[in-house]
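In the block that follows, a single chain appears as structure tokens, in the form predicted alone.
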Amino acid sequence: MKKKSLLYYTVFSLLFFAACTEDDNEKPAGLYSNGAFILHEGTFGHSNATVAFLSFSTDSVKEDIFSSTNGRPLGDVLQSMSIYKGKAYLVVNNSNKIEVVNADDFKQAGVVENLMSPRFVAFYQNKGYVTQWGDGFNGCLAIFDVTTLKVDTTIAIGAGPEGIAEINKKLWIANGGGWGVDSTLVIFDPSTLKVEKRIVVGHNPQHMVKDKNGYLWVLCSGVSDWSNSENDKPSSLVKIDVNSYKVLATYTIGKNYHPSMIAINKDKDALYYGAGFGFNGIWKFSIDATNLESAPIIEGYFYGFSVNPTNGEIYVFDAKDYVSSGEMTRYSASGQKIKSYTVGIIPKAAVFPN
């Protein structure tokens, strides 16, 4: 993660965002099939990143399932997790690796090593594509084989690449700026191993989701000038036609407001955005709206959030003091609080195997 924001916020998401893959609908069965994986970054430099599991059947949280299963720590700063063909890929940023486990029981299945500040991973035709910050200014894409787990190609891609998704047999990558500023979305062709197109969007794009009509929505977090907020650059939502590569609309969120995560509801007709240092609330935006809402559906300052794709519930994460237990709270899709849970150190996202 960005070291300058370790005590403040993550520039993520999640999609979630767990990245989109060609196996999005795969449903691993077993010990960890009916619930949600909760990702905890852990304290930078302490190698105390963990994964917990919220069981839907018992409504209880089982802590640190990686260490309890494999008898060793996961590593330093858990950035994200994606599931592909029955395996879970845990991107451990400051340990420069991806731990691979069986998704149903979390038993170790290998390690992708020798990465450079990895962020997120997507998959296409048995290859993994990892966004990496590198030195924070010159980011790259690492490509590994899912059978051997060996990196065979590394390609320069832009500054601080973040979210990545497979769309129409291409890899779409958001260049989040890293230690500087970038405003491009990259379309990478895995068949030629070349960048096919760079689309200029808003300042520091982070993550993206597809709506029910096939349009891509990109969250651009803008730029914070920590010494003088007058120099901030605005955050925005950008709508893109994935076939023509054209920007169809841009909605400015605010000059001094810098959300870091985006998600979509289960019907794929409404977006949620929020999380990030100093950003208040989780906000909802209909894909057919012409203006942003005037108030969030959930108030509060959160380190991260995720949306359950099955029932539309919103999970928000509070890192509290960043060195001890955090809190996860479930809300309904319309923003009503359901329940809070004590979880691990610096919780940031949930991944849903079903």
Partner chain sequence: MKYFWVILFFAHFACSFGFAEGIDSVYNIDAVHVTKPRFEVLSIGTQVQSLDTFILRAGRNLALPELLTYAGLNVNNYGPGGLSTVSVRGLSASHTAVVWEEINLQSPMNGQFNLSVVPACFLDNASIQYGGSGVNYGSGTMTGIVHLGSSGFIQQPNHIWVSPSLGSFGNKSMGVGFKMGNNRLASGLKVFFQESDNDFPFKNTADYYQRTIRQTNAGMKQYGFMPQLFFRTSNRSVLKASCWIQHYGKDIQTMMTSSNPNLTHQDDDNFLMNVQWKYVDSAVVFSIRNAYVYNKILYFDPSQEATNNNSRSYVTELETRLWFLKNQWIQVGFNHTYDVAFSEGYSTDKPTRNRTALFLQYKVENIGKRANFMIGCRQEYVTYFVPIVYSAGFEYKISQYLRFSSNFSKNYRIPTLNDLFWKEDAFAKGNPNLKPEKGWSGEVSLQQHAVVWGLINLESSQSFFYNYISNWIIWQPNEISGKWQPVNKSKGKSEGFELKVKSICELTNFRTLTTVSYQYTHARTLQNNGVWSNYPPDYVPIYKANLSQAFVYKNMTLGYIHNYTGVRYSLGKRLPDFQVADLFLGITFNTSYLKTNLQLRINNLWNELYQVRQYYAMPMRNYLLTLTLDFSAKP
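Keep in mind that this is a model prediction, so the values were computed, not measured. Numbering follows the first chain given and starts at 1.
Just so you know, the form predicted in complex with the partner chain exists too; it's not on screen, but the next bit is about it.
Visitor: Looking in the model of the complex, is the partner chain within 4.5 angstroms of a heavy atom from every one of F53, H258 and S260?
Guide: Not a single listed residue reaches the partner chain in the model of the complex, so no.
Visitor: Using 4.5 Å between non-hydrogen atoms, is G214 touching the partner chain in the model of the complex?
Guide: Residue-level check for G214: no, no contact with the partner chain.
Visitor: Heavy atom to heavy atom, is Y245 within 4.5 Å of the partner chain in the model of the complex?
Guide: Although the partner chain is absent here, Y245 would stay clear of it in the model of the complex, with no heavy atoms inside 4.5 Å.
Visitor: Given that the partner chain is not shown alongside this chain, does G158 nevertheless sit within 4.5 Å of it in the model of the complex, heavy atom to heavy atom?
Guide: Judged by the heavy-atom cut-off of 4.5 Å, G158 is well away from the partner chain in the model of the complex.
Visitor: Although the partner isn't part of this model, could you tell me whether V111 comes within 4.5 Å of the partner chain in the model of the complex, counting any heavy atom of the residue?
Guide: Yes, V111 lies within 4.5 Å of the partner chain in the model of the complex.
Visitor: Using a 4.5 Å heavy atom cut-off, which stretch among 53-61, 31-39, 321-329, 288-296 contacts the partner chain in the model of the complex?
Guide: One stretch meets the cut-off, namely 321-329.
Visitor: Only one of G281, G222, G128, G75 comes within 4.5 Å of the partner chain in the model of the complex by heavy atoms, so just point that one out.
Guide: It is G75.
Visitor: Have a look at N265, N94, S236, N175 for me and say which one sits with a heavy atom within 4.5 Å of the partner chain in the model of the complex.
Guide: Checked against the cut-off, the match is N94.
Visitor: Would you give me the residues of 40-58 that have any heavy atom within 4.5 Å of the partner chain in the model of the complex, in order from first to last?
Guide: T43, G45, H46, S47, N48 sit within 4.5 Å of the partner.
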